[in-house]
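In the block that follows, a single chain appears as structure tokens, in the form predicted on its own.
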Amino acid sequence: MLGKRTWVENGLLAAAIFVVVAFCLFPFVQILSTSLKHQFDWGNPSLIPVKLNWNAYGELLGIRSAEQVDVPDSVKRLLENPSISESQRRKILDRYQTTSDVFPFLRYFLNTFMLSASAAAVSLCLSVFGAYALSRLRFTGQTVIQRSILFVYMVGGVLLMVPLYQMSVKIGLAKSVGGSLVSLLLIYIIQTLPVSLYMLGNYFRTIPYALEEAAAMDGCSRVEAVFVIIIPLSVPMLMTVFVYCFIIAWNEFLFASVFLKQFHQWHTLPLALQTLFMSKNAIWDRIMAASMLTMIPVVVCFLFAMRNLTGGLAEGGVKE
């Protein structure tokens, strides 16, 4: 029989948890801090900005115009030098005139959201019926299929990228924006479908089969039982699977960098952030602000999944 922990053990456990949480959260705090700093404050190691700078967020969200962007005093003094030509002065000012055309965040956000939500929705719909078949039906090769569902994750994305792109080129999908988006959508579905089947299949097995038998006695077919019994009792897990698939597609970079590289207007946020970092417009506060805004949907989805991931919905449905 295990005894209760002493106050010393509780203190050490709390300290260890605090250290791990602080270590995990520090990069995000650093990103937020840098996104709120002015240029003169970038070299300050303190996490607290000397003066809050909301300009980068305003630029990315289209709230702040280019004329409102502050030019550092040192640059202003440089521009007052009469030896600088008008063309040189304009090039210097263009560095600080950061309109939405430099990094159209909202456009990239919408591209990423539509791809991720579509892939997650299709993957969820397919996995509901596939997981039900694997958990309830009996057919030849069922065990092999169940054990090989996650086989796709044994092969790295780098190995699959070249043959998938060659297939897309040969059938003509990679030549147009629509074909590239369709190819990327199919890849995202393929990536998320195995884990969706695995998670939902295990959850469906916890639902008492007696509920479906009772529905069958009332005249429900198997398909009707899925909509009447399985789906209503699996709403928390369905939400969790959708969020998980959405996050995978939202953060994907490798395949997007290949299929959408030549279509700049249709870049996803991970690809656009990498392009921004390598461009002449790579200003730290803007990069970090874009990174923070990119993380917000992921954080919201995770909190939403944690809120809905509750057990015991089917408990009490059958009287033992």
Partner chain sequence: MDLSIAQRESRLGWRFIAPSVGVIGLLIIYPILYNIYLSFFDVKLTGDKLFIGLANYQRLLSDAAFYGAAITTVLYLVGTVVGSTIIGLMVALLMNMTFPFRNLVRTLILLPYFAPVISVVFGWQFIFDPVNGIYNHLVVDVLKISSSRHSLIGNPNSALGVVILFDIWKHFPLSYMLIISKLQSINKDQYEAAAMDGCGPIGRFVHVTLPELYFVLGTLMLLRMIWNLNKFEDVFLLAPNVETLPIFTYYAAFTGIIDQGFAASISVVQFGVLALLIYFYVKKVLKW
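Under this definition, the rigid core comprises the largest set of C-alpha atoms superposing within 1.5 Å between the forms. Quick caveat, the model's predicted, so the values are computed rather than measured. Numbering follows the first chain given and starts at 1.
What follows is about the form predicted in complex with the partner chain, which we do not show.
Participant: Looking at L106, L186, M239, A117, which is the one with a non-hydrogen atom within 4.5 Å of the partner chain in the predicted complex?
Facilitator: By the 4.5 Å heavy-atom cutoff, the listed residue in contact is L186.
Participant: Taking W54, V177 and F246 as a possible spot, do all three reach the partner chain in the predicted complex with a heavy atom inside 4.5 Å?
Facilitator: The answer is no; none of W54, V177 and F246 reaches the partner chain.
Participant: Is the gap between K4 and the partner chain in the predicted complex 4.5 Å or less for some heavy atom pair?
Facilitator: K4: no contact with the partner chain in the predicted complex.
Participant: My question is simply whether M278 lines the interface with the partner chain in the predicted complex - judged by any non-hydrogen atom within 4.5 Å.
Facilitator: Looking in the predicted complex, residue contacts with the partner chain include M278, since a heavy atom lies within 4.5 Å.
Participant: Please check if L36 has a heavy atom lying within 4.5 Å of any heavy atom of the partner chain in the predicted complex.
Facilitator: No, L36 sits far enough from the partner chain in the predicted complex that none of its heavy atoms falls within 4.5 Å.
Participant: So in the predicted complex, is the partner chain close enough to I84 to count as touching (4.5 Å, heavy atoms)?
Facilitator: No - in the predicted complex, heavy atoms of I84 and the partner chain never come within 4.5 Å of each other.
Participant: Suppose contact means any heavy atom within 4.5 Å; which members of 158 to 181 contact the partner chain in the predicted complex?
Facilitator: Read in sequence order, the residues that approach the partner chain (within 4.5 Å, in the predicted complex) are V158, L159, L160, M161, V162, P163, L164, Y165, Q166, M167, V169, K170.
Participant: By the 2 angstroms cut-off, has the C-alpha of L12 moved between this form and the one not shown once the rigid core is superposed?
Facilitator: Yes; L12 is a residue whose C-alpha shifts (by 2 Å or more) between this form and the one not shown when the cores are overlaid.
Participant: Given a CA distance change of at least 3 Å, are I17 and M237 closer or farther in the predicted complex?
Facilitator: Compared with the form shown here, the C-alpha atoms of I17 and M237 sit farther apart in the predicted complex, by 3 Å or more.
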